[in-house]
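Presented as structure tokens, the chain that follows is alone, the form predicted alone.
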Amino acid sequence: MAELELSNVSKRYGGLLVVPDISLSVGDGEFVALVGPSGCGKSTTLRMIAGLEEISGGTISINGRVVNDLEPDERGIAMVFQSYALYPHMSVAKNMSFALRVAGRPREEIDSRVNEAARILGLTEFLNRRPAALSGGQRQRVAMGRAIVRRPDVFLFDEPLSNLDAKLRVQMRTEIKRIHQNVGATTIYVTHDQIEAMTLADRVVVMNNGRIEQVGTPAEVYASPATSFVAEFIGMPPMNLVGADVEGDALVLDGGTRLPLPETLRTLPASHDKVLLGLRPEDIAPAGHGLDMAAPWSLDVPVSISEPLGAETLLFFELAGKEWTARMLSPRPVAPGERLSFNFDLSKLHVFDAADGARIN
């Protein structure tokens, strides 16, 4: 296991700067997820850590050793790719042991490591099978086993579950979490799926346009997003965001709807007269169908769409030129156009600067 340090790391392709400047510290045994939309630089960052991409600036250190100029096989890392990259003509055991055999490790050591990894991954009964005889989830476990047997300092995962169907992804998330708890290895995990990031990681790194927007535990990132981008990206359904003006003791939404200014916002400096307001769907609910609210404010509006999900129903309605989402607990059928009185918990408002998206409160 190891500590990983990125200091002012950048990546440029010719005149295009794709990763401007990233600094990140990962502790020994920590599981950190890099998450963000396609093209945000997360996979490029992972490949720079792995040595598959040269860095254009800064330093990458593993256990205090700068690895900028080291080849991938000299860095003490193992990588699990989106594609399983298994040798089809080899058995599971031979796929898992390939790197050890190439390195000339003793047969007894190879067998011991392979059997240990197979036990951890639940692959013992499949060691003599070839990849074609395995399911997608089993193949991904073999790819993980190939990394585990090398006993690297750092595990790198590049969207390993994206080729699996939805049900299998959920199962494999549980497997990966269990394996990390058993192995305790320092892990960097790249995904565009925020649910994977939130359920697996000790800390989440939210990236956008090659930059880090926020680093924190899943709870911190969800409860206190540092920017409006993080607020909208993290959470399913996403946070409701709308522009507003601060006018005396009121917040005036785009379109003219007035909200009372919560006590927590009454010290806003004059420079923040234009803001973005955010409220998560769970903090908006029809009267009688939500949790107790600390500072409820009500509005009657017609429902445009309802999405029953079993234990709850998502309700969509128009306000201030935006489509808003609310959660109904103890759901009942709601017809399109039906007017409901929605309670908004204004104590849960998130406020961001309208110009740069930075969090204000």
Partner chain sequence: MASTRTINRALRGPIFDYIMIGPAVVLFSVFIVWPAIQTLYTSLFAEPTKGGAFIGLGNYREMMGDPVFWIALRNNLIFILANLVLQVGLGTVLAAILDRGIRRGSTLMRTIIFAPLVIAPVAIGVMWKMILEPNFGLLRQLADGIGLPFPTQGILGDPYLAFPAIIGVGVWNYVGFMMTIMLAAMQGISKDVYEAARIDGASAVQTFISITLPGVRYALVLCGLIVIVGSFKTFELVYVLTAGGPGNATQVLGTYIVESAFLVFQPNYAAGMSVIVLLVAILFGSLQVYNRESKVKT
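Residue numbers count along the first chain shown, from 1. Just so we're on the same page, rigid core means the largest C-alpha set that superposes within 1.5 Å between forms. Since we're looking at a predicted model, the values are computed, not measured.
Below: the form predicted together with the partner chain, not depicted.
J.: Kindly indicate whether Arg47, Gly51 and Met79 are, all three, within 4.5 angstroms of the partner chain in the predicted bound form, using heavy atoms.
T.: Every listed residue reaches the partner chain in the predicted bound form, so yes.
J.: Should Val102 be counted as a contact of the partner chain in the predicted bound form, where contact means heavy atoms within 4.5 Å?
T.: Result yes; Val102 sits at the interface with the partner chain in the predicted bound form.
J.: Does any heavy atom of Asp202 come within 4.5 Å of a heavy atom of the partner chain in the predicted bound form?
T.: No - in the predicted bound form, heavy atoms of Asp202 and the partner chain never come within 4.5 Å of each other.
J.: Heavy atoms within 4.5 Å of the partner chain in the predicted bound form: does Arg141 have any?
T.: No, no contact at 4.5 Å.
J.: Does Arg150 make contact with the partner chain in the predicted bound form, using a 4.5 Å heavy atom cut-off?
T.: Taking the distances in the predicted bound form, the answer for Arg150 is yes, it comes within 4.5 Å of the partner chain.
J.: Picking from 91 to 99, 219 to 227, 180 to 188, 281 to 289, which part of the chain touches the partner chain in the predicted bound form when contact means heavy atoms within 4.5 Å?
T.: Selected stretch: 91 to 99.
J.: Sort through Met236, Ala133, Ala166, Ala85 and report the residue having a heavy atom within 4.5 Å of the partner chain in the predicted bound form.
T.: Residue within 4.5 Å of the partner: Ala85.
J.: Identify which of Gly137, Pro262, Pro72, Gly122 has a heavy atom within 4.5 Å of the partner chain in the predicted bound form; exactly one of them does.
T.: Result of the distance check: Pro72.
J.: Would you mind checking 329 to 361 for residues with a heavy atom within 4.5 Å of the partner chain in the predicted bound form?
T.: Nothing in this stretch is in contact.
J.: Would you say Arg130 moves between this form and the one not shown, meaning its CA shifts by 2 Å or more once the core is fitted?
T.: Result for Arg130: yes, a 2 Å-plus shift.
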